[in-house]
Structure formats: C-alpha cells, structure tokens
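In the form predicted on its own, a lone chain appears below as structure tokens.
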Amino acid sequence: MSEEKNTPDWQHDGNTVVEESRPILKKPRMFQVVLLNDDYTPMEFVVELIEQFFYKSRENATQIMLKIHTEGKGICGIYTEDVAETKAAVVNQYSMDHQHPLLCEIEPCNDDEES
C-alpha cells in the first residue's frame, strides 16, 4: 500500500519534515511612455505614430496629440519597464529616421495610476 501525500507543500524526509517555502510574488513596477512636445514635429505625424506604435484609434491618438500640444507631454501607454523602454527606443528611432525631433521617454507610474 502506497502512502498518499495529502498536502503538496510539505515533504517527509526520514525523521525531518521539510516545508517548502512559496515565493512571494508581486506585480512588476509599471512605467508610462510619454511623448514630449516640440515646435517642429507635425501633428499628423504624431497622431500616426501613436496609432502605429501604441495601437490607439484615430480619435484617441488625436486626443493624446492635443494633450501633448497643450500640456507639453502626453501618456501613450503604460507597460512593464522593459516593454516601455523598447517602445520609447523604437519611437525615438522612427522619429529620427523621419527627421523629426519628437522625443519619447518613460516615467515610473504611481501605483494608483495603472490603466
């Protein structure tokens, strides 16, 4: 007759009972990808860039572009750090390739700003 294991998080090793510790998991820190305003990049280029790289609708991309234009910066998306850094790098390269000075950066999010 085999001995059944009732609880998966303990093991019996001869005279010693060993309890496996479970890893403590926490959500990864999130970062917002931000486009900064400049006086040279055409608004239509910014809208198309937001649609292409952040998968926003034309209406949403236009709202973000107007926020960038009026407030100096606008949030295009919230991602984990590695994804945010990659998005910012790709956007900056794309802007440079098209000879526009548009700048994209990442900023840490407050925990209550996640969307």
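Residue numbers run from 1 along the displayed sequence. As the structure is a computational prediction, the values presented were derived from the model and not from experiment.
Although not depicted, the form predicted together with L-tyrosinamide is the subject of the following passage.
S.K.: My question is simply whether residue 89 lines the interface with L-tyrosinamide in the model of the complex - judged by any non-hydrogen atom within 4.5 Å.
M.R.: No.
S.K.: Does residue 85 reach L-tyrosinamide in the model of the complex, with heavy atoms at most 4.5 Å apart?
M.R.: Residue-level check for residue 85: no, no contact with L-tyrosinamide.
S.K.: Verify the contact flag for residue 29: yes if a non-hydrogen atom of it lies within 4.5 Å of a non-hydrogen atom of L-tyrosinamide in the model of the complex, no if not.
M.R.: The answer is no: residue 29 has no heavy atom within 4.5 Å of L-tyrosinamide.
S.K.: Give a yes/no on whether residue 69 approaches L-tyrosinamide to within 4.5 Å in the model of the complex, heavy atoms considered.
M.R.: Yes, residue 69 is a contact residue.
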